[in-house]
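In structure tokens, the next block holds one chain alone, the form predicted alone.
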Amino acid sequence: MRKIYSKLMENLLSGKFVYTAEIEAGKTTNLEEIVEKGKMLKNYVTAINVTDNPGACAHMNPLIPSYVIQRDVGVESVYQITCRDRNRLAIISDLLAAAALGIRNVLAITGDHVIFGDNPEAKPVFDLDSATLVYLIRKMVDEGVDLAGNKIEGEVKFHVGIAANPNAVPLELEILKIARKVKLGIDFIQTQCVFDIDVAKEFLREVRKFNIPVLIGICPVRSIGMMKWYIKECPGGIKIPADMQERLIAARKQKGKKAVLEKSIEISAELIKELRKTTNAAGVHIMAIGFEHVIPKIIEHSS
């Protein structure tokens, strides 16, 4: 059995239903807003993810916000690192810095292609893919070396997680990708947005054989436009059940724009309750980028 380095991993393995959330670093040099969001979430979540140039848009490097959240807020961070923007030298450098700063949870992801972002002329790197990144992290943690076998001075203590898409069609291909990373040695899975409880249940049944804790992605919507974007534009093919769409549209028609978010909070809490009651999900990862104030409400309503 691997050593436990973080509270997140300790809680995931304990059987306790775990809540995590997500914050974007933003195109800014100001850390105050990130700290304030962290403080707002502190008493509700076990860990806070800091995204790495999400949607291929250039943001502050997540390493510093991840460290500041731990230092100034007192909540563990999950340091996201993508393969899109860095070669293996830069990735190893960043991981060594993260280890030195006491970051203990890393999410290894490939990253959206640059053509979807705010600097589409950028040159994508992809020296590694997410599976090879997992392999690199395991080498650093378990053997104290990098990919080329070069020795690392000092200990590297990470738990490595991956992202997964329960909405993938065919799902079998997604499961094969996960299986490859399980063999390499992952510690937890966080999924993309799930609105359909049946999709979540099917995914959880398929990955149960891996015996890896899974945090199902929960994404409240704040407008009908955002709902339509998830359905039509979001990479990964997000499925929102017709009855859920109808509830959100009805709320908009009957009570106005603000009612959409209130109804979405209610729906998100219902999903979490169902996951807690009828599945083996280890917890949920709530993504409400730009309106993180709803996360405490969702958690309170789901308890």
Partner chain sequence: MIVLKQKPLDWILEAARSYDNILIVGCNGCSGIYQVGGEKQVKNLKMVLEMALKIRFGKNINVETCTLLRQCDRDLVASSLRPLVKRIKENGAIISLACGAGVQTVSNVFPKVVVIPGCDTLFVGMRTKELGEFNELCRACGECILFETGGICPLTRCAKGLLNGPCGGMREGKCEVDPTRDCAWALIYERLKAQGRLDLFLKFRPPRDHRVSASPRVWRGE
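The structure presented is a predicted model; accordingly, all values stated were derived computationally and were not measured. Residue numbers count along the first chain shown, from 1.
Below, we refer to the form predicted in complex with the partner chain, which is not included among the displayed structures.
In summary, among the residues A100, V145, A122, V169, the only one with a non-hydrogen atom within 4.5 Å of the partner chain in the model of the complex is V169. When the partner chain is considered in the model of the complex, only one residue from V207, I92, L128, M226 comes within 4.5 Å through any heavy atom, namely L128. Taken together, D196, K263 and P296 are entirely out of contact with the partner chain in the model of the complex: none brings a heavy atom within 4.5 Å. Taking the partner from elsewhere, V156 is found to have every heavy atom lying beyond 4.5 Å of the partner chain in the model of the complex.
The partner chain is not drawn, but in the model of the complex it has no heavy atom within 4.5 Å of P241. Taking non-hydrogen atoms only, K232 approaches the partner chain to within 4.5 angstroms in the model of the complex. Not displayed here, the partner chain is approached by L184 to within 4.5 Å at the level of heavy atoms in the model of the complex. The chain is drawn here without the partner chain; in the model of the complex, the stretch among 218 to 226, 114 to 122, 70 to 78, 196 to 204 whose residues come within 4.5 Å of it by any heavy atom is 114 to 122. Residues from 170 to 207 that approach the partner chain in the model of the complex with a non-hydrogen atom closer than or equal to 4.5 Å are P170, E172, L173, L176, K177, A179, R180, K183, L184, in the order they occur in the chain.
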